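Shown next as structure tokens: one chain only, the form predicted alone.
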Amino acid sequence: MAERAEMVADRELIARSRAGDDRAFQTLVERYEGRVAATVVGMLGPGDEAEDVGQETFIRLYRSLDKFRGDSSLGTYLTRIAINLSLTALRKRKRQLSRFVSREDRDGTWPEEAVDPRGELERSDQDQRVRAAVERLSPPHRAVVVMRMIDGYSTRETADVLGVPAGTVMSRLARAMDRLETELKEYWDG
């Protein structure tokens, strides 16, 4: 019942935002900024890039208010925007890295991405290792892990946001979890 009340409240806030009520839009941002931040940081790691993508998510929402039909919840819609922008940022990051790798050195592997040192000091060693392992996953696998394991979306919701079949979500999650278990086994056993 509370979820339904929130949906109604979202629809009302969207209608008021469409009519030019900046406070209504600010309420939507405040309501969903935590969810968007968790998704973006899960995909990109902490730092300026994640903050930029988070802000761009809400800019895209604002620009598309008239197009939002309400077929899915606003939270699902925002997560879809955040995931798509994060995947774009990851592709851009990969292109930028490729500029520093000579043609002879390209063997299909890429240098590991650095973890933002500002946040490392604040996180526990365990959190650092898990985050680093998640960041080493391929973008499609990382998206599934972030949505299912961090954001708490169901398989169906994840499939809808990513535009893939539910079976693909489950197989990507299984592969990603196997890889994470392998990478982290030494740490947990050690």
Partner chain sequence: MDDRELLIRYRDGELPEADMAAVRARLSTDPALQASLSRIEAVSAAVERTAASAFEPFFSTRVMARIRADSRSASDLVYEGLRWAFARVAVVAVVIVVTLGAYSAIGGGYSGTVVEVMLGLPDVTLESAMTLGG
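No experiment lies behind these values; they were computed from the predicted model shown. Numbering follows the first chain given and starts at 1.
Missing here is the form predicted in complex with its partner chain; even so, the following discussion is about that form.
Using a 4.5 angstroms heavy atom cutoff to its partner chain in the predicted bound form, all of 26, 30 and 150 count as contacting. In the predicted bound form, at least one heavy atom of residue 155 sits within 4.5 Å of a heavy atom of its partner chain. Contact between residue 162 and its partner chain in the predicted bound form is not found at the 4.5 Å heavy atom cutoff. With a 4.5 Å cutoff on heavy atoms, residue 138 does not count as touching its partner chain in the predicted bound form; it lies far away.
Mapping the unseen interface onto this chain, residue 126 counts among the residues with a heavy atom inside 4.5 Å of its partner chain in the predicted bound form. Taking a 4.5 Å heavy atom cutoff to its partner chain in the predicted bound form, the contacting residues in 61 to 78 are 62, 63.
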